[in-house]
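Heads up, the chain below is alone and in the form predicted alone; it's given as structure tokens.
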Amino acid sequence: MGRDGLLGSFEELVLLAVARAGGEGYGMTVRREIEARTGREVTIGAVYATLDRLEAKGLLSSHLTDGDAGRGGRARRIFRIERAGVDALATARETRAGLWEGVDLADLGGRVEGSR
């Protein structure tokens, strides 16, 4: 979140991906969800850096699972959305809706190209 308390666009995508996973997810599920929904490739490093930042801000929490035989006994870090994360998403949604209110892109279509 920026100094104004609003989420950055990638932070919002990451939080939404966790929310779409039922409020819990791990890095690869978050990455796949973002790529599937946006058509945009993202690195797993960017996802984990953002998950860590959101956790430091109290919007997410995490815990390690028991080791998984399919993963060579390695634990998986699961992220859970916290109440503050839900509130941040609600604020982001309300802010965007307020900005879109009264905007008619069809009205702007002819103005944008020849506006200079």
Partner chain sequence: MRTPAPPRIARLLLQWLLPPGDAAAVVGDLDEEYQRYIRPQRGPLGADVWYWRQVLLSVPNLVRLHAFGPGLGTEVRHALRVMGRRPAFTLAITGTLGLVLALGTGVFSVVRTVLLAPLPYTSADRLVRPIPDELFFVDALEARAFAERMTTLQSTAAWSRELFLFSDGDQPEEVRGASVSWNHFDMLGARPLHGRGFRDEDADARDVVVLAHGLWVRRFGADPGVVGRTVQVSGRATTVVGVMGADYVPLEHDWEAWSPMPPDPEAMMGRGMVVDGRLRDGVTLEQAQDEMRRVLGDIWIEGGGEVSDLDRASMRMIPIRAWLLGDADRILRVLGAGVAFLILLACANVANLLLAHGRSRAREFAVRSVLGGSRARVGRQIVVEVLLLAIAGGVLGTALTASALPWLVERLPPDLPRVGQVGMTPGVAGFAAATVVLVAFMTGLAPVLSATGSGLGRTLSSGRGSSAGRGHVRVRSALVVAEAALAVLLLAGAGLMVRTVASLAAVDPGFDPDGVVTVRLSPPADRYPSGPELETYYGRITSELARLPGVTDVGAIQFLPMTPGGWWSTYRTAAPEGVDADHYTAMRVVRQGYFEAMRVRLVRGRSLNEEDFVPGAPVRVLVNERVAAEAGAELLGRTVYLGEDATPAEVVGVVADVRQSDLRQAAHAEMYVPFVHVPWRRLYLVTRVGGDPSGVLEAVRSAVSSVDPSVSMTGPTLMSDVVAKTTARARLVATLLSLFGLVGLTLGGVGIYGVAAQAVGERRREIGIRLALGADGPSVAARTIREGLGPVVLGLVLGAAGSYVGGGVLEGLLFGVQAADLAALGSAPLVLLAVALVALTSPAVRAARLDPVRSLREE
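Residue numbers count along the first chain shown, from 1. Because the structure is predicted, anything quoted here is derived from the model rather than measured.
Here the subject shifts to the form predicted together with its partner chain, a form of this protein not shown in this document.
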Legend entry - Contact flag, G45 vs its partner chain in the model of the complex, heavy atom cut 4.5 Å: yes
Legend entry - Touches its partner chain in the model of the complex: R74 (any heavy atom, 4.5 Å): yes
Inset, instruction - Find out whether any non-hydrogen atom of E41 is located within 4.5 angstroms of its partner chain in the model of the complex, and reply yes or no. - result: yes
Legend entry - Exercise: R32 in contact with its partner chain in the model of the complex, heavy atom 4.5 Å: yes
Inset, instruction - Have a look at M28, A36, A56, A90 for me and say which one sits with a heavy atom within 4.5 Å of its partner chain in the model of the complex. - result: M28
